[in-house]
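The chain below stands alone, shown as structure tokens; this is the form predicted on its own.
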């Protein structure tokens, strides 16, 4: 049965409604667990089986003051994006961080997702940035909404671990990053600087922000011009290129390794 609360929650599948309410949906036990740890859960919708199976999460949610609403399998399917939902969907408060606040915390590694519109790619890069120890992930320009359901799922909880920033002007964001003393590298298959050469020269061992563009169009010329270097990942085999998520992982982990060495 679609109760008024289910109907209201379903509206959060649209970006306009999410932005107006300052809320979003997190689906599945892993996302709900991370959202609870971040203290952003307002309500959990669960099937009878889901509420029983994940009783520990439900108890934690109750202790945190969240509302628990039991719904039918059909109602939960309306809220979930996946074909086989796992019995829980949480309504969570958005917690975007202003750019200046995120930079003021002094991150040693950050990722800027410029005009990346594919939610799966964006969420995967967010997850990778978190794993590599980045302190901030900046969704710049006409990028996908970080609270899009597919992006939330692809982030696998990392959405709640790092400062997530929305920056409407990518160029202004890059300038602000550089003013904080961070080096800005643009990842591009047509870069004039090789990633391995950059690492060998010790240029990754400083606070760094990596710019990543969409898989289809790459980074716009104005952002490439603002970067301290335009960096390509070397291809040693016969592959034409790496996809966005793979290239981001290589670049971010190269920086993470260099930064760890300087702190040892």
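Positions refer to the first chain, counted from 1. Every value quoted in this text rests on a predicted model; they were computed, and no experiment measured them.
The same protein has a further form, the form predicted in complex with a further copy of the same chain, not shown here; the description that follows concerns it.
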Mark residue 260 yes when one of its heavy atoms lies within 4.5 Å of a heavy atom of a further copy of the same chain in the predicted complex, and no otherwise. yes
Look up in the predicted complex whether residue 171 has a non-hydrogen atom within 4.5 angstroms of a further copy of the same chain, and give yes or no. no
So in the predicted complex, is a further copy of the same chain close enough to residue 226 to count as touching (4.5 Å, heavy atoms)? no
Looking at the partner-bound form in the predicted complex, is residue 199 within 4.5 Å of a further copy of the same chain by any heavy atom? yes
Options 177 to 185, 157 to 165, 87 to 95, 67 to 75; stretch whose heavy atom lies within 4.5 Å of a further copy of the same chain in the predicted complex: 157 to 165
Identify whether a further copy of the same chain in the predicted complex is within 4.5 Å of every residue in the set 127, 234 and 238, based on non-hydrogen atoms. yes
Within 4.5 Å, heavy atoms only, which of 60, 30, 42, 206 is in contact with a further copy of the same chain in the predicted complex? 30
